[in-house]
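Below you'll find only one chain, the form predicted on its own, shown as C-alpha cells.
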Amino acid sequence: MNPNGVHEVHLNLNVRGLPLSATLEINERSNRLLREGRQVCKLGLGQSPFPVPQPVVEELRANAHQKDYLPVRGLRELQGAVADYYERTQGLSYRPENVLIGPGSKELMFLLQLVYYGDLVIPTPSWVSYAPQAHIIGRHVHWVPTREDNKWLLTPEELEHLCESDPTRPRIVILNYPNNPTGYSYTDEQLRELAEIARKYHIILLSDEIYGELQYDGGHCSIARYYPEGTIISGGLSKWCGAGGWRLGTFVFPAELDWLAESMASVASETFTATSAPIQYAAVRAFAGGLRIERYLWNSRRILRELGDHIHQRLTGMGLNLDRPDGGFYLFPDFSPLRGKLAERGIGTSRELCNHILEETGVAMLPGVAFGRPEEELTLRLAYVDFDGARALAAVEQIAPDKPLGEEFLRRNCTKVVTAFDLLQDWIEG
C-alpha cells in the first residue's frame, strides 16, 4: 500500500505495456467508426466469412446438453476423429492419444512455449501473436527476415544460417502455410528441403496449418510427411470451418514428443481444465468430413480463389508487385513502388499508410510492422473477408463448377471487399 492508502499493482515486466493484439484492435477501431456512422470496409480482422457447416451446427445442437468435464487431453472420440483426419488427408499415422485439444490453437501455442525451454524462431512477416506470447513468457525470439521476391517464404539456406552458429541450441521454428499474412504456401519440394535442415539440427517444428483446408488447389501438404518425428501440427475449426468463436484448437504430436504433450496437458489441467464439452462433440462431425463438408470446402475455396485473383489484379494494376495468393484470405502488398507519391502526403511508414487509408477512405487494414516487418517498409496486410459468406455460398451453387465466377458475381456477393479496392484505387490516383 502506498502513502495515499492505495494498493499498488505490480505487473509482470513482460506484460507491462503489452498492447492489444493488432488484429483485435483494428476490429474494435473499425466497429467504433461504424457506430459513429462512418462507412468502413473491414479488411483488418481475419475471421472466416463463411457460416459453420450445417452438419456441424446440427451436431452442436444435439449435444448442447453435454455438461461434464471432459479429459484434459480431449474427448476420446474427437482425438480419434482428428487422428483419422490426418491419416485421410495427409497419409500420416497417429494414435488418438497423440492429439491434444485446447480452447483455440492460440492457447495451445502459448502452453507449448511455456513448457519448452528454447528459442522461438519466427520467419517474418508472421502472425501477430507468435512473438507477443514469447515475450509474455520471457522466451528469446529470433526473427528470420524473408524476401518478397521469394513470396516471403523461409528458405533452407536461411534456416541453416541461423542454426549453424549454435547447432545444439534448443529451438522451436514456426511454419505457417498457407500463410497469414501473405496468403502464400510452400511447395512439397520446399517443405522436403526445410525438413532436412530441421532434422539435421534437431529442431522442433510447429507447423501451423490452420488454413490448410483453404489452399485453393485443395492440395495442402504437411511438412510432417517429411519430418514426422519432430513436427507438431497445429489446427482447429476457426478458419476452414468458420468457427472462430467456438474456440477449439488441436495439436498433433509424434510419439517421440509425447513428453512435451504430457507437460502441456499438466499445465492445461491447472489452467483451462478442459475444452467446452458441446463444442468438442460437434467437432467430431467436422473432422469426420463427408460429402456435405467437402462441398462446403470446395465452394469456399472457389469463392476465395476468385476474390484473391481479383484483388491481385487490382493491386498490380495500381503499380504494386506481388504474386497471386495460394490459399486463405490474405495478401501482403508492398506499396514501396508508390513511395514518392505517398511521401507527398506525409506517409513514410506502414502505420502512417494504414491510418491515412482508414481515415480518408474507410478501408481498414493492418500495417506490416505489426507482423514483424520494419516500420519504414510500406507493407500492409489485408484480409478479404468482409462479405456475407452464407449468401456467397448459396449463389455459387447456381454457377457450373467449370465456369469462372466473374467480377459481376464478386460485386454482387462480395460487395464491400470489391468496393474497398475501388476506394483504394481512387485514393491512390487522387
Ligand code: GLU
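Nothing here was measured: the structure is a model prediction, and the numbers come from that model. Residues carry their position along the shown sequence, with the first being 1.
The discussion below concerns the form predicted together with ligand GLU, not included here.
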query	finding
Site test, 42, 365 and 421 vs ligand GLU in the predicted complex, non-hydrogen atom cutoff 4.5 Å	no
Heavy atom of residue 130 within 4.5 Å of ligand GLU in the predicted complex	no
4.5 Å heavy atom contact, residue 180 to ligand GLU in the predicted complex	yes
4.5 Å heavy atom contact, residue 186 to ligand GLU in the predicted complex	no
is_contact(residue 330, ligand GLU) in the predicted complex, heavy atom dist at most 4.5 Å	yes
The unique member of 46, 372, 53, 389 whose heavy atoms fall within 4.5 Å of ligand GLU in the predicted complex	46
Single option in 225, 169, 106, 356 placed near ligand GLU in the predicted complex, where near means a heavy atom within 4.5 Å	106
Partner contacts for 277-305, taking ligand GLU in the predicted complex and a 4.5 Å heavy atom cut-off	none
